[in-house]
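Here's a solo chain for you in structure tokens, the form predicted alone.
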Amino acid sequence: MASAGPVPDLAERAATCADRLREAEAVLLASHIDADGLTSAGIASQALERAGIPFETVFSKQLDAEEVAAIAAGEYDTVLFTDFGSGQLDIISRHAAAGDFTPVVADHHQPADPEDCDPAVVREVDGYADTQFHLNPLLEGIDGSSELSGAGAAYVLARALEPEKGDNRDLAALAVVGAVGDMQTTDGELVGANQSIVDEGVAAGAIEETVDLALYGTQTRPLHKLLEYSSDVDIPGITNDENGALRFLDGLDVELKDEGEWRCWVDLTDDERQTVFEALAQRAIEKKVRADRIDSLFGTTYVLADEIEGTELRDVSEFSTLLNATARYERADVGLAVCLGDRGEALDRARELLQNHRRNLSQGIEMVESEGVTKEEHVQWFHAGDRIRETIVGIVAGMAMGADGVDRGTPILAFAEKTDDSNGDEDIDGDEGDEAAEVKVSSRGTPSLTRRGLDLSTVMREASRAVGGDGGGHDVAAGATVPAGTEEEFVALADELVGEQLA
């Protein structure tokens, strides 16, 4: 009898999808390009290989009608979509009904409206489009924004695809990277089905779940840089102040260097870590930092047991950032290779892309802070033109929320021109090409706004379709593509929809 896997509610769907994949002569694996999409592809490709199913992998930053038509024109009768596909079932179903291919979908995004789909292959489940081979947590009442990521859905499928000998629980490591990369933590922890995957990974020896300093960069950033960049908890005199961070540490009984090299948090002894943490908490209290922010300095962390300590791949947050820096610069092949275990050329290239990525994000945030945002009644927005890559403008928008002049309590929309540039090495000023016919728009909210009723997936989909585009995503983060020149009309529609949701 097949295992129920980490999410029993999805076991039947996973088994049905796995059976269809085993019947295929070969499979085309199509996946999204962000960290969640790359880890989804990494999980699915290893599961297919272990099951002895021939496959080829392709990536897409946006699965639209043109992309699906290209897939349909190919030679594969079975297509596995990971980290997208549910929201595009209206397009996919028409090709499926025509016999172009059989879709198998492992996704967590909001499925399409069933009324827009071909009824020959799609049925309605709780207002969502469903098809025969469809693994999506939302169809079973599981929150796809906070309880199961695309990588998590791929992992559930991988567990159903297990070979006769052994299992795929080691792939839980990538599923956790995908979930954290998809910002699915709640108060710093993974919850729901994601936690079930963590538990399997811990049992398999692939993941270590610990309580530690909950700042980004504990594996790779020198200790003073770790504190300087601790933007999640702003401590006056330390945060964004390199000299202040060094002065703070100089007053503690902690060696900052070892044989001339800066030490990182991971290099400290337990006693040294306790010393730094207690002093940090005391400084925060003195500076009247809110108690809940001080508490968030310490929390649940996830590390990958098989990765080398002190590298980006050891900590799941740093791993996910590294992956984001590959496919968002048209090098999904590099990110996938890292997911599959390449610790040589691919990892070196990923690190180069990460340096470029960080520079571009920094320049993007500086642009937003210097130029500000336009504020409507219910949303705020900015248009970056070609100065921020379309693939990272959503990240910039999310990081800018709460910055000077940007209201954290208001949803933000960010526009950027769509380009075909693919060299992967340009800086924020360096995009050159034809005038954009389409514009990418990304939106970001906060969990407190979604609790009040905000659903950016619906906003992006309805507003974009009204101006001749398309979109979707999650309630807290979503995106769309719209024709150039329709931005103001789109903003007006989005502002109205958000106002209705938050009324």
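All residue numbers are counted from 1 along the displayed sequence. Owing to the predicted nature of the structure, the values given are computational and were not obtained by experimental measurement.
FYI, the form predicted in complex with cytidine-5'-monophosphate (C5P) isn't displayed, but the following is about it.
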Check your understanding: Do all of 34, 442 and 471 end up near cytidine-5'-monophosphate (C5P) in the predicted bound form, with near meaning a heavy atom within 4.5 Å?
Key -> yes
Practice item. Could you check which residue among 480, 494, 10, 18 gets a heavy atom within 4.5 Å of cytidine-5'-monophosphate (C5P) in the predicted bound form? Key: 480
Revision key, fill the gap. Residue within 4.5 Å of cytidine-5'-monophosphate (C5P) in the predicted bound form by heavy atom, from 109, 159, 389, 134, is 109
Check your understanding: Taking the partner as it appears in the predicted bound form, which of 22-30, 66-74, 45-53, 471-479 has residues with heavy atoms within 4.5 Å of cytidine-5'-monophosphate (C5P)?
Key -> 471-479
**Study point:** 4.5 angstroms heavy atom contact with cytidine-5'-monophosphate (C5P) in the predicted bound form for residue 181
**Key:** yes
**Study point:** 4.5 Å heavy atom contact, residue 103 and cytidine-5'-monophosphate (C5P) in the predicted bound form
**Key:** no
Check your understanding: Going by a heavy atom distance of 4.5 Å, is residue 458 a contact of cytidine-5'-monophosphate (C5P) in the predicted bound form?
Key -> no
Point to revise | Exercise: residue 57 in contact with cytidine-5'-monophosphate (C5P) in the predicted bound form, heavy atom 4.5 Å | key: no
Practice item. Pull the contact list for 44-64: residues with a heavy atom within 4.5 Å of cytidine-5'-monophosphate (C5P) in the predicted bound form, in sequence order. Key: 62
